[in-house]
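One chain comes next, on its own, written out as structure tokens in the form predicted alone.
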């Protein structure tokens, strides 16, 4: 196949060729960025949390007043009763849940009275079974000892001298604070002026709120040994199939155990449901981008089909002459496919530059990350295939035109 006749024809039909190139360029630019945004959302939604999500349910209640002693007594009674439910492995109070509505964070320094924090970490407070209730994997050090736990009431009392003696931190946080070293046994400062000794490191523990602009800090989290009289229980079951049954039993138990409170059934749910609800908007955005991309590809395909059909009609004589001179149907078909490939290639090259420019604009306006280069060939292949499929119908019709009819129609 010689390119000279094709290039000569394109020069004589500059407007139609330019329209196809422009359409493919815009589609390439938008498709590349849309794929990148969809991939970003999916990657964010599917990041592991380190938590045994399929085995945990959250039970919440409110309305016990401000009597701290009564609250603490009811909490102890609840914990004992919940741990007695069939299939329950561990239960703990907790100040916040991952993917929940609240967010407890604290600055962390390595030196007392340090002006600037080394980092800000999400803080989880809970009892002896919090680590097991979350299903976290301890990769270094140990769990909290019984004598390390402090009471929330004593910690918050005016003029209190009570301090938190120890902490368990995530591996990610340990690597950032003590790169290349074993963090176990080292001290950090957070929540007061006294040092807290790192006694354990868990493989992964993520922040309670997953803010996309804080990807680098997603796993900066730590646990403190504090008995907090929270109205929120984490209940971990051994068999995931008994999760819903356990949640129902827990709600009934909490209602029976104290009539002076309100069990918040609408907020008591499996942990997986919490994650799904948290990322609902991300899912909706991903599907919207998929729909827009699909619509754009369809419009582009229809545009190529329309222009190619018009173009074939305009060149019926040329096709007839080529057929009369001995060109086979396959050669006519290949002629239009090569022609489309050349136009698509030019459009894709322009589209790649445009995609990069759009990404720069999004980076500046919405703090999005840079478009990885591997999205460009993905978009290019998609548009090449789309162009070849779209031009196939008009090209087949052109190849099917008999030479006598083609030349007679002129």
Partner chain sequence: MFGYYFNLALRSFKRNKVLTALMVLAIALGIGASMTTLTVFYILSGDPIPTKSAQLFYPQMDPETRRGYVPGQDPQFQMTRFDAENMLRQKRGDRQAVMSGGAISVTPDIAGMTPFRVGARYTSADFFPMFEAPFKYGTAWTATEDAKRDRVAVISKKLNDKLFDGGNSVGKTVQLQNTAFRIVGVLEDWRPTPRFYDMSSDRYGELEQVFVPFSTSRDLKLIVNGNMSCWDDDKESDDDPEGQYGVNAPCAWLQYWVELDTPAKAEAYRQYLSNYSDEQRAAGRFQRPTNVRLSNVMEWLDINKVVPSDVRLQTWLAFGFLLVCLINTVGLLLAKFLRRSGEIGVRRALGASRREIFVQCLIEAGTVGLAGGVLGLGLALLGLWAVRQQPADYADLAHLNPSMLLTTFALSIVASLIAGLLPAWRAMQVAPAIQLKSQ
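Numbering follows the first chain given and starts at 1. The model shown is predicted, which means the values in this text are computed figures rather than measured ones.
The protein also exists as the form predicted together with its partner chain; that form is not presented, and the subsequent description refers to it.
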Kindly indicate whether 41, 62 and 260 are, all three, within 4.5 angstroms of its partner chain in the predicted complex, using heavy atoms.
yes
Option touching its partner chain, based on a heavy atom within 4.5 Å in the predicted complex, out of 81, 216, 119, 288
288
Among the candidates 114, 77, 182, 331, the residue which, in the predicted complex, approaches its partner chain to within 4.5 Å (heavy atoms):
114
Spell out, yes or no, whether the shortest heavy atom distance between residue 142 and its partner chain in the predicted complex is within 4.5 Å.
no
Using a 4.5 angstroms cut-off on non-hydrogen atoms, would residue 264 count as touching its partner chain in the predicted complex?
yes
Residue 240, heavy atom within 4.5 angstroms of its partner chain in the predicted complex
no
Taking its partner chain as it sits in the predicted complex, is residue 187 in contact with it (heavy atom to heavy atom, 4.5 Å or less)?
no
Looking at 188-196, 243-251, 167-175, 335-343, which lies within 4.5 angstroms of its partner chain in the predicted complex, counting heavy atoms?
188-196
Interface residues of 303-337 toward its partner chain, as seen in the predicted complex [heavy atoms, 4.5 Å]
303, 306, 307, 309, 310, 313
